[in-house]
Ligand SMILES: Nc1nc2c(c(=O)[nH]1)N[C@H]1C(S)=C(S)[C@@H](COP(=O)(O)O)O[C@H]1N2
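Here you get one chain, nothing else, as structure tokens; it is the form predicted on its own.
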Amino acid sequence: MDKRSAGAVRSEDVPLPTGTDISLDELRLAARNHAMPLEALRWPITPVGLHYLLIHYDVPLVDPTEWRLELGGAVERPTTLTLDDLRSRPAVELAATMECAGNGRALLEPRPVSQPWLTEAVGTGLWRGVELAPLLAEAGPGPGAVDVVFSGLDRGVEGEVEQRYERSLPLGEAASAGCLLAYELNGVPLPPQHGFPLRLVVPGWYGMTNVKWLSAITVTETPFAGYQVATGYRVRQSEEEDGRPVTRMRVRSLMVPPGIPDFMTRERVVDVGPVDLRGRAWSGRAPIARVEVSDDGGETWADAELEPFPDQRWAWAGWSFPWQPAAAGHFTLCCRATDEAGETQPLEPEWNLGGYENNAVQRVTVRVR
């Protein structure tokens, strides 16, 4: 492998830092949310039950016959839509990779206290629904419109603020980003945990933007200052800092763990001989240009072969690499991606208060026997 660069990174195979035990509150979060097993990277479209899930509050019980979508605010023609109204409109399908903004949080040191994700908070779904842009155009945003606010039916308390789960997009982004109002996932109606009967899908953005159980779209003439935009999901170093909002997914790659696992440690075991390494890579900012693989913890790198998802810009690209371990022993496999905007995954995590956007290279410990 050609000598490129080296650096120390934390690994999901390394114990969490001393003195940062998982609390009961975090364990409760980890039990109700779930990650995608990394072996599910084998599927270009993640099976519904394996796609990652983060549910901020409770899963609402929704009667689809009573449900309505209210589109209003600073528009000339407010409208109310039923599920049948939406299904009667031209439908589109979109394969899109979705990653939690906190993916990798538990690998930071010191570890931010929240949902303790390792690297598996991701999935790629085949979403079917109606495009948002024509609906906005029909409603006719007024000349002073600046933001579009998306409100879910789920309610809770966060930061001592009682709230509906709400996120916003600038009007221009909402109208041009290819947003989808999805009512199906992988060919079936949205499951309750994925936002039945309707959710927002914003291709390329981290998962918190993709509001589930969508019930209202409101165009506003002032920037939205709700908790999930103004307080939550911001990259900052301290509580006092305003920081910047979390938006599009940073470049990232993950590897299908080779061989078989040890039950407790998840260390991988393979036999001496050729090993076909495979994985997926994605970026919300630009298409994937390159994936590299290392078998020495990031000291040296070699190019993998890219296998883009056909005609689907927003779905992860597959990659493969024929690995021939030099001998029996322990190896640390890494993969890193570079997108067409020139961003490459860092070797070391970039710490922030909320543990967001950690796209440091993955490390997989393998014992060759």
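If you're wondering where the values come from, they're calculated on a predicted model, not measured in any experiment. The first residue of the shown sequence is 1; numbering continues from there.
Although it is not shown, the form predicted together with the named molecule is what the next lines describe.
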inquiry  = I need the one stretch from 281 to 289, 73 to 81, 128 to 136, 150 to 158 whose residues put non-hydrogen atoms within 4.5 angstroms of the named molecule in the predicted bound form.
reply    = 150 to 158
request  = Tell me, yes or no, whether L53 is in contact with the named molecule in the predicted bound form, where a contact means a heavy atom of each within 4.5 Å.
outcome  = yes
query = Quick one: does M98 come within 4.5 Å of the named molecule in the predicted bound form, counting heavy atoms only?
reply = yes
ask   = With a 4.5 Å heavy atom cut-off, would you call W213 a contact of the named molecule in the predicted bound form?
value = yes
key: P203, heavy atom within 4.5 angstroms of the named molecule in the predicted bound form   = no
query = in the predicted bound form, which of the listed residues (A145, M208, A174, L107) lies with a heavy atom within 4.5 Å of the named molecule?
reply = M208
request  = Note which of Q115, T218, Q163, Q193 lies within 4.5 Å of the named molecule in the predicted bound form, where distance is taken over heavy atoms; exactly one does.
outcome  = Q193
message = Using a 4.5 Å heavy atom cutoff, which residues in 227 to 245 contact the named molecule in the predicted bound form? It's fine if the answer is none.
response = Y233
